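One chain follows as structure tokens, the form predicted on its own.
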């Protein structure tokens, strides 16, 4: 009872205090010192002129007052400026003359906190426009770092909504390209306007495009390297020197040392590989010659075989319609009889080869396609399946080892059968193939019958020997690209440039031929759709053998094909 009395008295005593607290006015928030400016100069959307208060508050300058940067506005009227003299006045006048900024005085305030940086910028090639008689405004703080009222720690993304790469090489490169790919700006500034395009088409540019955190951006090569307090070497993006300057990291002998930041042991010969020009435009004429040869080889090969596929498809449809009208169908007896066409070793070699080639295509093609702006997004998505570009590179090399094993397996198989004198030479091209090409073209055009192929048709022989050619081209150049620093020590740089051209052109030809021609012949032809199962079972029915390899069928059975 006593406890209840004490509790009741306590409640009665606290009620007056609670009531007074409720009646007390809420503590007013401290007024925003910038509010008077924001009343007129705030913006609701990114594309509106003015300041977005929320984003400004989150920026690195969010604790600043407006007049901390917009100095000179403390006069009696809000827009009455105190006069400027000397260098400051000349700089603001230059900003006004070249329309470099709508608030040039604000840039004077940058040096109050970033004095060392502004000195480096003024001494760089990007600061010359502020002193000389430039015809166009060069970089300002905002052009590289983004909207000054919304600068966040690190490097901002180059465009709204591109938050995936807010910090890193891609953002830096995008800002460099904005000026160096602008034909109007480069013409007035006396610069080349293709450096952006050539960078995007380079291995470094493609890696940056697909999100590599290790790929160098513009400043990583062009920025003068300086050590921080911990002795770590960093490229200084504020101290970009002209490439003709002896102190520039891309001038003369400095290039090898610059490449050596990422590629241990890089030589002067290796450094010549990195340049703002297409690979075919080398100092040597050989890369250009190879580019022309492989371009024509790919075009003519695909043109011939694509036409061949279309003609064959028309002949297949015509043959099926004719057989249906005549009431002819598969012979059940011949369908039930099989001949062993490939043994387990041949099939295993094919399985290794096809799996390796498909993985090579899936992991390599996105990087090749990343040079095109339209393909960058799809390239990133495909590479993300392998953990990013460097994960895809690892899988690519593993797949390369798989096809090398397949090739070695096949050569060993051939040598073994050669030693046993059981090696068949039916895969070798011969004069008979020339006549079969002629006869088959006539058949596909509607004249005559299909040739009576032996064990292998000219198409299968082409497939077989194309793999030998491709292995030499792709594996040989692949090793050069895998160990470029090593090969650059012993071979002229045009060898490495040629390897880039051959590897890319041959890969394109191989993949297009595989998916356009080989898949049709082995899987999509109406007579064998959905596929020729011989690649799995090694067996072919007598019915298909008679249709596709009549010469071998007649040799095997001693029977001539029924003309009906």
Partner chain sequence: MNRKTPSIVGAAVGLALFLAIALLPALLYGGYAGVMLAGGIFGTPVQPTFAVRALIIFGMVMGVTGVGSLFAVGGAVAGAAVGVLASGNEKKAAVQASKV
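Every value quoted in this text rests on a predicted model; they were computed, and no experiment measured them. Residue numbers count along the first chain shown, from 1.
The form predicted in complex with the partner chain exists for this protein as well; it is not shown, and the discussion that follows is about that form.
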In the predicted bound form, the residue from 484, 138, 371, 211 with a non-hydrogen atom within 4.5 Å of the partner chain is 371
Contact with the partner chain in the predicted bound form, heavy atom within 4.5 Å, among 43, 54, 36, 531 goes to 531
Among 426-434, 294-302, 143-151, 396-404, the stretch whose residues bring a heavy atom within 4.5 Å of the partner chain in the predicted bound form is 294-302
* Asked: With a 4.5 Å heavy atom cut-off, would you call residue 258 a contact of the partner chain in the predicted bound form?
  -> no
Mark residue 535 yes when one of its heavy atoms lies within 4.5 Å of a heavy atom of the partner chain in the predicted bound form, and no otherwise. yes
| message | Can you tell me if residue 366 lies within 4.5 angstroms of the partner chain in the predicted bound form, counting non-hydrogen atoms only? | response | yes
*Closest heavy atom of residue 508 to the partner chain in the predicted bound form, within 4.5 Å or not?*
yes
(message) Each of 90, 110 and 236 having a non-hydrogen atom within 4.5 Å of the partner chain in the predicted bound form: is that the case here?
(response) no
Contacts from 511-545 to the partner chain in the predicted bound form (any heavy atom within 4.5 Å), listed N to C, are 512, 515, 516, 519, 523, 524, 529, 530, 531, 533, 535
